[in-house]
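Below you will find one chain, with nothing else, as structure tokens; this is the form predicted on its own, and questions on how it binds or moves follow later.
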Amino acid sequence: MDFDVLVIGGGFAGLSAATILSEQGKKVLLLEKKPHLGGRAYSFIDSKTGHEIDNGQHLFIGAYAETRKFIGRIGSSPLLRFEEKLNLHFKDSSGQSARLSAPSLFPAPLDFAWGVFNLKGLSLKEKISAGKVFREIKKFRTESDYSGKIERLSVRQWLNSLGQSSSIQKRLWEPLAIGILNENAQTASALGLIQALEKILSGTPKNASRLGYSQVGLSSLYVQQAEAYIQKRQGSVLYSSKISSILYQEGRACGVTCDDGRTFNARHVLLTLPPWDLKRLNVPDWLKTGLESFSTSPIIGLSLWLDRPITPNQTTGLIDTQFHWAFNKNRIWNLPGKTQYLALVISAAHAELKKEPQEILEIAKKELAVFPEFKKAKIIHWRLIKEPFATPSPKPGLEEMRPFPGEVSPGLILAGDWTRTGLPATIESAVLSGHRAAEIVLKA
């Protein structure tokens, strides 16, 4: 059976593209190499507790306009809750607490600036110095050559050039950078952080800096709904279908062959695979050469079930620790009972990736001591997830190697969070690329 479009990969990019194409009457076949959809952002059921575990806790922000369109298209908007204003709690290794709160009454970027001005642990001089960062964000909007000047600087180099002290970097900019980029400040390009901050501070849409939380596991938020959306419109989804090569006819992509020998034909082939999977395929030489530049940055997620709550806060950034974030799933999901389900995250977990699970658990137990109630708590259950290929590592100089989402050769369309969307490799970048790729197919 022939199709209008073969979509390869069932993550945010693939599903967002496939749903638009199906909506517009295209006959779509989506092929996913795993036995489940979700790509690098999915969830599964823990057999002991019955709770869903995300393979890595993800946050949404109000500025994710394309993601919100996709979630709305498949009918999942009620499952995504946004706070009325930005509200982030922090704790450092000594137990000192601080909060970044941006009042919703103020327009952007004054709301964020007000939050920084009221952030504890910083001197008045350091807070005033943050204004230099805001001014640089404005340059990014107005100066066409700004990206090229900054892209080869690391986050650390860029912040140092703006006179940001080690204290404000550690307590404000670095937690934001590693949370957004999944890479260390000394390794990640400053451009990705600037792109994300520009979105957050733009004020478009209103309250763009608000944090959003899925009220269910990631797969329950978008996977089942997107698959049903495609199938209801005469599309198909096949699992455990890893492609081995792209078929060409007279220089035009016309289908794919799978590892098991099956072949599928279509007018367009839309690839949403990450670079490390894409480079094994027979894609154009110029694209394959660029793919060699991409390396990966891992994430480690530790799910803990405690016999008592240790924090009422929804999200806590951990400073000067190996773990970077603690998410209170009881608060996020409104779970009943006297126990607490915490999701802990190590971003850019290069060093921790080789450690044994028990060793990582011991690190968590030591670092959670910053919460006084943890000393009284008992761990009922725990699960560790390592994602070695969580995201591309956004190193300086990589931006020019990111191909634009769209047609890379006749009939062959590219999408993915790692393509050059004007954003770092985030959920929003993935969905934006999927939407752009779908538009190109529809125009063709």
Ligand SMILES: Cc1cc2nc3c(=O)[nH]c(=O)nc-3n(C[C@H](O)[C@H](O)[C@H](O)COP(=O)(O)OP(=O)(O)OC[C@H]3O[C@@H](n4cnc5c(N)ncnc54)[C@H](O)[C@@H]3O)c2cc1C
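Everything quoted here is computed from the prediction, not taken from an experiment. Numbers follow the displayed sequence, beginning with 1.
Another form exists, predicted in complex with the ligand; not displayed. Remarks below refer to it.
Using a 4.5 angstroms threshold between heavy atoms, residue 255 stays clear of the ligand in the predicted bound form. Proximity of residue 241 to the ligand in the predicted bound form falls within the 4.5 Å heavy atom cutoff. Remark: residue 309 does not count among the residues lining the ligand in the predicted bound form, judged by a heavy atom distance of 4.5 Å or less. Not displayed here, the ligand is approached by residue 31 to within 4.5 Å at the level of heavy atoms in the predicted bound form. Partner proximity in the predicted bound form, defined as non-hydrogen atoms within 4.5 angstroms of the ligand, places exactly one of 394-402, 45-53, 413-421, 374-382 at the interface: 413-421.
273 is the sole member of 273, 266, 172, 190 with a non-hydrogen atom within 4.5 Å of the ligand in the predicted bound form. Relative to the ligand in the predicted bound form, residues 213, 315 and 367 are all farther than 4.5 Å at every heavy atom.
Contact annotation for 50-86: residues with any non-hydrogen atom within 4.5 angstroms of the ligand in the predicted bound form are 55, 56, 57, 58, 59, 64, listed in sequence order.
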